[in-house]
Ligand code: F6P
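Only one chain is given next, in structure tokens, and it is the form predicted on its own.
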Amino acid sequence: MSVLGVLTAGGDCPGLNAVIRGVVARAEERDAEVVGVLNGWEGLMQGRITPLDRDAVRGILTRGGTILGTSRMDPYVHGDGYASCERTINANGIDSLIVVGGDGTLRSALKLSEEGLPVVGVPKTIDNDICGTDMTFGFDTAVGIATEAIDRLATTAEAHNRVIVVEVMGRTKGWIATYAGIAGGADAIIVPEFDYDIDDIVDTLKRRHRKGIRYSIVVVAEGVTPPPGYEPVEQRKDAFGFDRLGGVGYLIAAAIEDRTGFESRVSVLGHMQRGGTPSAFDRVLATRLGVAAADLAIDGESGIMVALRSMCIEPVPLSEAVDSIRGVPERLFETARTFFG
């Protein structure tokens, strides 16, 4: 009987529990066992394992977060790669490991597979920036939350004749900002993929005011460069040495107010975007990915990732998934620009 291990690593994301549920349900259907690794790579390195069966995953489909926990520890950054995990793998008879994570997590999963551990990856990030897949679960939920926030903020901006800068997640890519900005009717969108001129944005806002539209919404991805002349936000590190982003929206709002005299406020959505109940789309996508990952792991496949392509779930090489970070295409952003102002 095959024993599958499953772990969730990196930032939490709506739909993680649906993946876990999908893995367990399919494994039991195929007479395989599943053990969960607690707190991501940290648990694999420290031997923290829990058995999973259908009873253990009942009722988790609608829950955000992950019942297994997660961390940003990495076996190749904070350990000795496969040697750091081998004892846990052998002690629990794990035949294949299903790794649910973003580009950094999947990069480590690829390295483990190259060291001989059978690994199947599941792409996870609200940022939607993993190559090889059309969309990642969690993204739809995050966009929905950001769009609702923009809708609400637009009404208060209009009531008070204000500019409101909405800062959303997006460390290096602006998928959430672009989608939520289009869906929410933003008057300007700033993302890391494309250079912006703060004076052009200011001209857009002034033009709106001359037309009698005395409020505006500007959507900003957290990873964009601050405007010239405004000091960058000091980047604090988390427990594992990664930058903790957030706050560039305040610098952009200050630049707008300084140049226009329009009262400008900021709303930083932060972790609200990746917490809470996953959307129906993300529940279905995550379930399909979990089931497919279990099938591939039981069949002895390794070094691959399950991906959404043209609405079908297909295996792709992990090497393709981590080759680069997928950004917003120019054609999509040009669509967004059509509505600026």
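We number the residues from 1 along the sequence you see. Fair warning: this is a prediction, and the values are worked out from it, not measured in the lab.
The same protein also exists as the form predicted in complex with 6-O-phosphono-beta-D-fructofuranose (F6P); that form is not shown, yet it is the one meant from here on.
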* **Segment assignment from 255-263, 166-174, 104-112, 90-98: heavy atom within 4.5 Å of 6-O-phosphono-beta-D-fructofuranose (F6P) in the model of the complex** => 166-174
* Structure fact -> With the partner omitted here, the residue among I190, I130, I126, I201 that in the model of the complex has a heavy atom within 4.5 Å of 6-O-phosphono-beta-D-fructofuranose (F6P) is I126
* To do: Let me know the one among H271, K211, H160, R152 whose heavy atoms come within 4.5 Å of 6-O-phosphono-beta-D-fructofuranose (F6P) in the model of the complex, would you?
  => H271
* Applying a 4.5 Å heavy atom distance criterion, does E222 contact 6-O-phosphono-beta-D-fructofuranose (F6P) in the model of the complex? -> yes
* Asked: What residues, if any, in 57-78 have a non-hydrogen atom within 4.5 angstroms of 6-O-phosphono-beta-D-fructofuranose (F6P) in the model of the complex?
  -> R72
